[in-house]
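Read the single chain below, which is given as structure tokens and is the form predicted alone.
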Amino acid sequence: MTQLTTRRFLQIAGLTAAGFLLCACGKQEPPAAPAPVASAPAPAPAKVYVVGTDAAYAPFESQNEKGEIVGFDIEVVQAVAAKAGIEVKFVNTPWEGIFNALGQGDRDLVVSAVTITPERGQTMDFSEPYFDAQQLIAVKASSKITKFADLKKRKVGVQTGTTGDEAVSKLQGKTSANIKRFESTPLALKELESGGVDAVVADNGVVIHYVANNPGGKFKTVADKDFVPEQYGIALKKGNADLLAKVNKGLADIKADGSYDAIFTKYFGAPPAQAAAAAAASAASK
């Protein structure tokens, strides 16, 4: 058996060690796990515009047996919102604080049979008009009252802060003890039914609806050509031009495609043109 020389042994040992060293140095580390792919951020939720409304003014806004806010104004704004591509949420808001809530930003819109007036226009913006209105007098069927001037020295019920309140205040004086102010028009009409006032002055749509739905009260209505015609608008916080443009476009769209006429007829029994003609004829005959 051939014996290895010391030199040869050392050469072999050296080569073997070098081989192990190369193997060790050439060992591949397992590939790092790929970094997770960042998912796209979720889109911001759509802005929901809060609409204030005093839900005690049927047929414009009221609450049904489920507590839902319903009415002509509500359906108009829902249709406008659909055309404008915006979302809305209705919040029952007492009339006395409704404009403060708008000014402070707690409400984005107000729809509550709000008459457009120069005074209100100083502190809020309005959409284009969406309803023509006029004051109307409600009295008991046996009453001798035939015109607005007859209310000069009578006890008259009004809803606080409305244009009916303004009209009677001009007739009698703002501090007249004969003016009885209520939180809502239905409350004023209840007072008329019980004999606490001689008449109620309020917007024609509300008065007509109440009289028709409360035959037991034995009311009648009195129109007067001296009442100034009014128009309702959707109120917005002053300076919100972008939202105002969307609302006005939505209004124009629902008037153009017949949606507005359908909603109007549902609540008032006839299209706007026919209803306006009937109201004008009634006032002219007084």
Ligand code: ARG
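Quantities reported herein were computed from a predicted structural model and do not represent experimental measurements. Note that residue numbering begins at 1 and tracks the sequence as displayed.
Missing here is the form predicted in complex with ligand ARG; even so, the following discussion is about that form.
- For Glu230, a non-hydrogen atom is located within 4.5 Å of ligand ARG in the model of the complex, even though that partner is not displayed.
- Among residues of the shown chain, Thr115 is one whose heavy atoms approach ligand ARG to within 4.5 Å in the model of the complex.
- Ligand ARG in the model of the complex is approached by Arg120, whose closest heavy atom lies within 4.5 angstroms of it.
- Contact check for Gln159: a non-hydrogen atom falls within 4.5 Å of ligand ARG in the model of the complex.
- Taking a 4.5 Å heavy atom cutoff to ligand ARG in the model of the complex, the contact residue among Phe182, Trp95, Phe90, Phe131 is Trp95.
- Of the candidate stretches 252-260, 239-247, 54-62, 218-226, only 54-62 has residues whose heavy atoms lie within 4.5 Å of ligand ARG in the model of the complex.
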